[in-house]
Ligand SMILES: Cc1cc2nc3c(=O)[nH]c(=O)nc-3n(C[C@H](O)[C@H](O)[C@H](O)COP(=O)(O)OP(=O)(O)OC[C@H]3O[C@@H](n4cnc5c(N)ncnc54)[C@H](O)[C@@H]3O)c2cc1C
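To begin, one chain is listed below as structure tokens, in the form predicted alone.
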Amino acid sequence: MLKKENKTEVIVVGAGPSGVACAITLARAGKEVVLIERGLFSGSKNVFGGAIYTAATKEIFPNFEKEAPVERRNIEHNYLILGEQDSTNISYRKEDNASYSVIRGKFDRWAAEEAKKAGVYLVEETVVRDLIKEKNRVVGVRTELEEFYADVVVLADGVNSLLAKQIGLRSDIETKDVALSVKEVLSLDKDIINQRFHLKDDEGSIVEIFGGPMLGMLGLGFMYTNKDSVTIGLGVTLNELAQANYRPFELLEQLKQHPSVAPLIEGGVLKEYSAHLIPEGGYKKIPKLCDNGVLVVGDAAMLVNNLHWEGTNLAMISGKLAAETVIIALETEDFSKKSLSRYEDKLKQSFVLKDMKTYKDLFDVMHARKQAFLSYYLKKVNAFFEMFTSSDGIPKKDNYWKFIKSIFTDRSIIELFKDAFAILKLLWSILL
């Protein structure tokens, strides 16, 4: 064991979901933990769409449904496909909820307080500048004020993770592998929210938005209902924004003005505006997850399942699994890369890496065929329902055949075959 001043057993950098989950798991096992957060308080700099998942959260906070500052329990999930003026909405509703909407500033602060109650020493408003290495092993961190030492350092410092880059666990992120998400929280009376989204007081609705101002781009929009506010936002990959010369808040304004969106947020008063980078690279872009004396968790490890909009649950579980690995390392006094690689083994056995591996080819396909799947076919969905719901004096059979013919005239046979091959290839990789 190291014998230094300012020495503890574990230092966790970053008090988001992964960092808090790691720290509280360690503290409950009786380990000494220092949790360092650069923000004014935990959650002050944390941004996400708006939902935490029940199963994963219960693993860290078994009583969170009664004790945490949750907003609404999400009983409805909507998929909204926007054209220029029209839309198609696919909705799934079930009373047994799988997630809750939350405000990160409230929830993360509560979670950090729970960690403190468990014995975690929380240091806020402190930026970790460097990692300290001795004999090819990370042994501590250097802040703007002083140095802190530990047997193990866990990096939960977010998507940029300059610390992981500093010690060679990751390289620069390509602009196509990260999205810039912007969102607004708009205050609305709860009765208005209930009426517009067909909810009761404690019920919530999630809306995932395709198309609209994001047609043809690798980008999606979202809405979440809170107690007395609605969260609306979107995320678009950085290279798409640069190529199209768009600023994300301009796209958000266009989204808010769409005829199918505007009535849902009409009268809302801006309460919060925020922006955040989201890992988009998927399984193939996961960096090295450990080295001598150090582990990487959450967004810093690029652990986001973008197809299912899952990030907080992967973050919490990765933090928990990292903590379980560190507990063994502390008990055996072995902080080598080989010892800490148990963390990666645990991730592989969990849903985290299994799910991410399932969609390992998704982003290759989407980058290659984005105009097809994020523009052409979205438009065709709306065109079909426009035809199907119209009564224009033309026999239905004639309209059906006209629509089918348009599929082959609006897009070449070669491109249709390429689209079909891409789908089959993706399904093959998902199902095997």
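Numbering starts at 1 and runs along the sequence shown. Just so we're clear, the structure is a prediction, and the values are computed from it rather than from any experiment.
Although it is not shown, the form predicted in complex with the ligand is what the next lines describe.
Mapping the unseen interface onto this chain, residue 70 falls outside it, with no heavy atom inside 4.5 Å of the ligand in the model of the complex. Mapping the unseen interface onto this chain, residue 292 falls outside it, with no heavy atom inside 4.5 Å of the ligand in the model of the complex. The ligand in the model of the complex comes within 4.5 Å of no heavy atom belonging to residue 151.
Although the partner is absent here, residue 343 is not a contact residue: none of its heavy atoms lies within 4.5 angstroms of the ligand in the model of the complex.
Heavy atoms within 4.5 Å of the ligand in the model of the complex map, among the stretches 189-197, 254-262, 80-88, 155-163, onto 155-163 alone. Checked against the ligand in the model of the complex, the residues 110, 309, 359, 210 give one hit for a heavy atom within 4.5 Å, which is 309.
Here is the short version: of 278, 122, 329, 353, the single residue with a heavy atom within 4.5 Å of the ligand in the model of the complex is 278. In the model of the complex, just one residue of 80-114 lies within 4.5 Å of the ligand by at least one heavy atom: 104.
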